[in-house]
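Only one chain comes next, encoded as structure tokens, the form predicted on its own.
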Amino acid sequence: MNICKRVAAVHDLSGVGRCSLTVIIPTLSAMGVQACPVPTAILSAHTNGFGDVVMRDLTDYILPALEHYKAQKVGFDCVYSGFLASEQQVDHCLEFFEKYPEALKVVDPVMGDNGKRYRTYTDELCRRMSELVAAADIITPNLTEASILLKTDYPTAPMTAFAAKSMLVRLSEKGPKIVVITGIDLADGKRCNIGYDRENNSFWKVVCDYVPKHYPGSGDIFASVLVGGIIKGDSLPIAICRATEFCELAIKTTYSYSTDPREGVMLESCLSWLTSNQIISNYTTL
């Protein structure tokens, strides 16, 4: 009997710059969850500030790995996808979902940030990402990715609560039961992470302090804590709050040391917070 929850993490692996699998694995492990990496690509560094990185597409690896897991009767409690390097990888993620119908299906639709699409994401790959979103139970886009999925302009002004709720509902109508959007500036002057649970028709928000630096990998950490919390029994607002508070701790810690933002957050200094399994309640309805 496997008493430890197990997650198939279908993400890229970047050697330098804390992001994707290099933060997902330790984050889930600190929460008592086994992370089994299914790398979509290997990069010498992430693509935000390290020049021309070395990249190897691993599209031809994913399906044989899945077939091996099924042959060996390896079970997963969750299939959690992120950056995809090709359109074919969408098909492979869908096959993971099909082969593990009882697993929680989480899609972090990594496509862009700060109002811009990543250069590796073509129109067709974005369209295929929408197909993957439709098959998910939970999605965790940032505001840029939410706009891409909805085919709307990126909001440059703060959003009203009504507009934020509308965005959550429209995304949920594409398929996922739960939608969490990160980095929303609301009209009341607060930056929040927001969530919607369609089955309970509930809307949630967690306020976070603004820090004037961008750290790659923060979204990966947020989604990983959210996944770990939910599969271990957190309610949606508690999971959002846990993920928000941990990201805020890691970002503020890193900002205080004035390190190179390209390196990502100082995750190693903060992981112990996740092991304490603190009671979290700093959330409100949206």
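A residue's number is simply how far along the shown sequence it sits, counting from 1. Quick caveat, the model's predicted, so the values are computed rather than measured.
A second form of this protein, the form predicted together with a small molecule, is not displayed here; the remarks below concern that form.
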message = By the heavy atom within 4.5 Å rule, which residue out of Leu43, Ala65, Ala30, Ile251 makes contact with the small molecule in the predicted complex?
response = Leu43
task = Report yes if all three of Ser81, Pro109 and Ser224 come within 4.5 Å of the small molecule in the predicted complex by some heavy atom, otherwise no.
result = no
task = Give a yes/no on whether Gly217 approaches the small molecule to within 4.5 Å in the predicted complex, heavy atoms considered.
result = yes
query = Does at least one non-hydrogen atom of Tyr118 fall within 4.5 angstroms of the small molecule in the predicted complex?
reply = yes
ask   = Is Ala9 close enough to touch the small molecule in the predicted complex, meaning at least one heavy atom pair within 4.5 Å?
value = no
ask   = Would Thr59 count as touching the small molecule in the predicted complex under a 4.5 Å heavy atom rule?
value = no
inquiry  = For the interface check, one of 86 to 94, 150 to 158, 110 to 118, 191 to 199 should have non-hydrogen atoms within 4.5 Å of the small molecule in the predicted complex; which one?
reply    = 110 to 118
